[in-house]
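The form predicted on its own is given below as one chain in structure tokens.
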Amino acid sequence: MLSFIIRRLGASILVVFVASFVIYNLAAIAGDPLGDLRGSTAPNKAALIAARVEALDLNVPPPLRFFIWLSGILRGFIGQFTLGDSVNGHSVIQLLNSSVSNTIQLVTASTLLAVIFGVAIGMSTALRQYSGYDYTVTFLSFLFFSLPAFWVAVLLKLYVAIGFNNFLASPVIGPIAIVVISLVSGFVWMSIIGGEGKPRLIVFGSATVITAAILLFFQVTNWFTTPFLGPGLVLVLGALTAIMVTSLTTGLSNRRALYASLIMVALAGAIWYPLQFVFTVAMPIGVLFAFVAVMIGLGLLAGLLLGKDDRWPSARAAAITAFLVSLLVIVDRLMQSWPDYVNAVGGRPIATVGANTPDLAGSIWFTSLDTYTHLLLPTISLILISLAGYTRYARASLLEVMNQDYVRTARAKGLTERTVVMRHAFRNAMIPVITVVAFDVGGLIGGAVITETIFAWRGMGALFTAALHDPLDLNVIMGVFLIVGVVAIVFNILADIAYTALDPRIRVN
């Protein structure tokens, strides 16, 4: 493994070197770093041009100037790493720091959610091939995939941001809306779960009644104005999470795994009240990470103690449940700060532009909510477009795997359908999806240019497009290219390593 990684890194460094040399020279020929000064009417125009030429070494031919830029990178081995200065005299590293952080926030959230939901929806449609649910998801996938990104962004601004902000001014759900939403929910769940005759009607009726009850609960408790979970909902949602995680990872027949997971849910409910004195406005963010880590550790311990012969599957299920339940507790604490945050931003919390609210001061809960509200629209925009691709890849890959001989053999041995799908088919079906994710992350880290422009999100895409305009900012362009290239290399190596974890027949040699 180590020799494979070293070989891949050596080859990748050579590729990045050649590619950066070509890009540097092409960009240097295509643009003019002095374009703004040549058309200037300033009395000291000549002095300004001479100063920029000296600062950026523009009197050196581009092929040789590339090695001056490269020497700044190589000086990193002696602690003097630099990517040069922009045409305005700002450090490229400082410009990249702010842009990279914004892009990583956006890309991380959108990619993780798109992969999770895309794989889940794709697998469910593969298992329900040629059903009404499959046809509906296929239609919506192609619809979202073909929609222009700028159009999706504008619709999200109009209906999600402006519409929801207007709704918060008077959050009332009328009886007709409750009936319509409940019937649509019942139909959707009936289509997803499937079945014939009476089971379909039971699913439809149950989903309709549950949805109506939830909406009435929201209405009676004024939940949209003062949202909360509390220990009761944490326990209910946590129990459902434990059942879902156990059914997917070990199967509900493994009672020890289920009991270990439910113990973690009960623990979260028991410590909910004491945690309110820990999660204060002055609390450092490290406390949150420590809380999640302790919960995961306790989940592993509970699984190992209760699991006996199945200790590791039980520990895995309990740890995943503990992680998800700890997130529920954190979300509940965030909800407690929602009314104050809404008042602080003038009653319109869903932001349409920017990465944060200017001059907004407050606790970690305020800043977290502010980050969330600004991430919401651009994240949804990217998810809707990339979700379609992941859904189709996951569906096609799982359908291909489900027709393999070893899957038929597993069924012939009498294994349950959950075991056949999750243990035998799922891992191999994920190999093509891992490949696509590795390429997508490398591309997205360069910035979603259209989405960033629509939402005024100062990320890598906005920085790169600004550097292409007159005057050409070559050092900024190369800084963005270097980061994108390194990230693409790293994720492709990680994808190769992931192949071996998903399929032991694959060896990195």
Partner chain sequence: MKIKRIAAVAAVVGVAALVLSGCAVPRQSEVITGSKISVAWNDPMQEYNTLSATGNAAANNNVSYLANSSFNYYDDSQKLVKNTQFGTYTVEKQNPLTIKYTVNEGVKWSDGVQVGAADMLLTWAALTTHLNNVEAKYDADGNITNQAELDAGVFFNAGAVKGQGLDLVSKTPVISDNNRSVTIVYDKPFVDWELSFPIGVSAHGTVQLAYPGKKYTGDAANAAIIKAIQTKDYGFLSPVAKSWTNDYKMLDMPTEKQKLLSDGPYVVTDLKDQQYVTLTARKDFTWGPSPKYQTITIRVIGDPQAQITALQNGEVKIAEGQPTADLLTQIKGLSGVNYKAATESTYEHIDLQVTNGGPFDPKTYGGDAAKAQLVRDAFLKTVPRQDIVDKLIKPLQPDAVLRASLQFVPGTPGYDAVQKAGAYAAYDKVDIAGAKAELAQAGVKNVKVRFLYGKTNTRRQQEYELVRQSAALAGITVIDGGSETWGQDLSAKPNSYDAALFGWQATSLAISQNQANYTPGGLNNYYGWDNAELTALYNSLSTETNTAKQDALLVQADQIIGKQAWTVPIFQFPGVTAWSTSVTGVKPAFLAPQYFWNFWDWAPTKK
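If you're wondering where the values come from, they're calculated on a predicted model, not measured in any experiment. Numbering follows the first chain given and starts at 1. Basically, rigid core = biggest C-alpha set you can superpose within 1.5 Å across the two forms.
Omitted from view is the form predicted in complex with its partner chain, to which the following refers.
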Stretch in contact in the predicted bound form with its partner chain, which is absent here, among 286-294, 247-255, 342-350, 414-422 (heavy atoms within 4.5 Å): 342-350
Even though its partner chain is not shown here, does R316 get within 4.5 Å of it in the predicted bound form, heavy atoms only? no
My question is simply whether L95 lines the interface with its partner chain in the predicted bound form - judged by any non-hydrogen atom within 4.5 Å. yes
Heavy atoms within 4.5 Å of its partner chain in the predicted bound form: does P175 have any? no
Contact between D309 and its partner chain in the predicted bound form at 4.5 Å, heavy atoms? no
Listed residue that, although its partner chain is not shown, lies within 4.5 Å of it in the predicted bound form (heavy atoms), from L301, I162, I181, I243: I162
Only one of G132, G232, P432, G354 has a non-hydrogen atom within 4.5 angstroms of its partner chain in the predicted bound form; which is it? G354
By the 2 angstroms cut-off, has the C-alpha of A27 moved between this form and the one not shown once the rigid core is superposed? yes
2 Å or more on the CA of S71 between this form and the one not shown, with the rigid core superposed, yes or no? yes
Taking the rigid core as reference, does A456 move its C-alpha 2 Å or further between this form and the one not shown? no
